[in-house]
Structure formats: structure tokens, C-alpha cells
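Presented below, as C-alpha cells, is a lone chain in the form predicted on its own.
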């Protein structure tokens, strides 16, 4: 009875999500699109985070995906439907090199997080250094192609709403697919005790690299989608330390161990950002970031499993 009730409730919520953009203003749809895109990116980040592989450098993969797709789009008129996969492959190659080097030589825990953080900064500086191609720190604007699904270009925000929603659904399906695969069992064992797992015959390096590549590839796709929606690429908003930490914090706040945790965290953070920005505007520059940071610290200290994760745990005990 309880399960049927949950299915019914889930169905109602899904229907509500589908019809939602037809009853609100363009501004609300814009916020919803941002929530969906960052929910997707935070969810694929959690593929690694929930197994103890805390990456603070996913901005690198986001930037690689966005810039690869964007440059191919502007310079060669290559559809982003193809360009985003090329960017994803480029990000996967970087993840393979970084992951294998770190895991082969035992760089784990805090040290792995610091290495990935450095990677994000390196990619951002590389984008700035190649200013002749990337526009440097000023970035560049994507070409206008009118309304075209082939070029993921549209004047309608509803188009991007449903496109971003499809990405979120994809990330959830892949999460479930991973949970039913050997990767999940291996990574759970590795997370509990890496040495014991290796002694039992589990190829620790192999599975760590695989989950890192999957997360990096999908993050790059999200970077391409974000670039096509914003139509302006800038290294400070698509790579570097700031965006990398934002991705991780969204997942951690909601609860990176639960499939809906990153989405809940993203909704809260994006809503707080827009609310603080709306209240203070340009009168108190930086105040919104300070309040957002304080709120985030409080959530992490008092709700270490994330908001959604804590609620689910309490309900399951009843």
C-alpha cells in the first residue's frame, strides 16, 4: 500500500514538472532551467563522491565540454549534438590520465581532492592563455542559429527546460544502472577498505578510473548544454575553483549518497542565490555570497548526510 502511494505521488510530481513551464513567467522558467542543468551536473559528480572519490575539480570537465563544443560550433558550424560528445571524449581522456596517475600512485582522500582542484585551475588558466582561440578571460559569444534542434538553439526557454529535464532523467537512469552493475559492488567494497578489496581480487585502479571517466564525460555534456543555453562562454563561470566547489557543495548539501540528494541541494542553493540577489541586488555587493556561505556551512555541520539524506534516514527509522 505504501509503495503504491509513493508511485502515485511520484507520478503526480512528474506530471507537475512536465506542465510547470506552461503556467509561469520566463524568469521562473529560466531559474528552473538553471536548477535542472546544475542538478544534472551535481548528480553525475555524485557518481564519484558517494564512493569516497571527492573531486573538487569538475569545473575542468565542465569547461572542456563547453569550450570544445562551443569552438567547434562557432568555427566549423558543427552541431552541438556532435560537439558535446567530442568534448565529452576530451574530458574523459583527461580524466583517464589524471585518474590513472592518482590511483596508480596511491593519491587518495584529501590529496586527490587537492589534485583535482589544481586541475580545475590549470584548465581555466589554459583557456585564458589560448585567448586567440577562446577569447581569453573575456570569453566569447556563440553564434545565433535561430530555432533549430540540430544546433540546440532556440528563443524559447521552454525548449531548454525540457532538454535539461531529459538530461536530469538520463543522469538518474545511469545512477540506477550503476547501482545494478559490478561497478557499484566493487566501489562499495573499495570505499570500505581498499587494501582488503585488492586482496580479494578487485582491480581497484580499474574501477576507480571507470567511475571517474563516466563522471567526467557526463559532466562535459552538461557543460556543453549550459553553454548552448547561456550562449556566452567565460572561463571564470565554466571552469576553475569557484564553479568546481559549487558543483560539489550542491551535491553535499542535498545528500550525495541519495539519488535525489544533488537535485534537492541544487534547488536550495539556486533558490537562495536568487533570493539573496533579489533582496540585496547591487546595494550590498558580496552580502548574498556571505549569507549563502554561512547557510551552507550550517547545513554541512548540522546535517552531514545532507538535507534530503537526513530526512530519508529519519523516515526510514520510523
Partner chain sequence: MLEVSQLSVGYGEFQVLFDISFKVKKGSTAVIVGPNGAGKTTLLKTISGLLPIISGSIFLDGIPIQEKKPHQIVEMGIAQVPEGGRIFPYLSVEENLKMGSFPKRAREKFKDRLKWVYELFPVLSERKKQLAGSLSGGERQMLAIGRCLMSEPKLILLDEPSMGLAPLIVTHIFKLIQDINTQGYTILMVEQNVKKALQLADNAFLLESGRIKIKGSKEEFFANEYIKKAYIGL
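Numbering follows the first chain given and starts at 1. Small disclaimer: the values here were computed from a predicted structure and weren't measured.
There is also a form predicted in complex with its partner chain; it is not shown, and the following applies to it.
- Among heavy atoms of residue 182, some come within 4.5 Å of its partner chain in the predicted bound form.
- When contacts are judged by a 4.5 Å heavy atom cut-off, residue 167 does not count as touching its partner chain in the predicted bound form.
- Within 4.5 Å of some heavy atom of its partner chain in the predicted bound form lies at least one heavy atom of residue 207.
- In the predicted bound form, its partner chain sits within 4.5 Å of a heavy atom of residue 189.
- Remark: of stretches 191-199, 135-143, 90-98, 216-224, the one touching its partner chain in the predicted bound form is 191-199 (heavy atom within 4.5 Å).
- The contact with its partner chain in the predicted bound form, taken as any heavy atom within 4.5 Å, belongs to 203 out of 203, 75, 231, 147.
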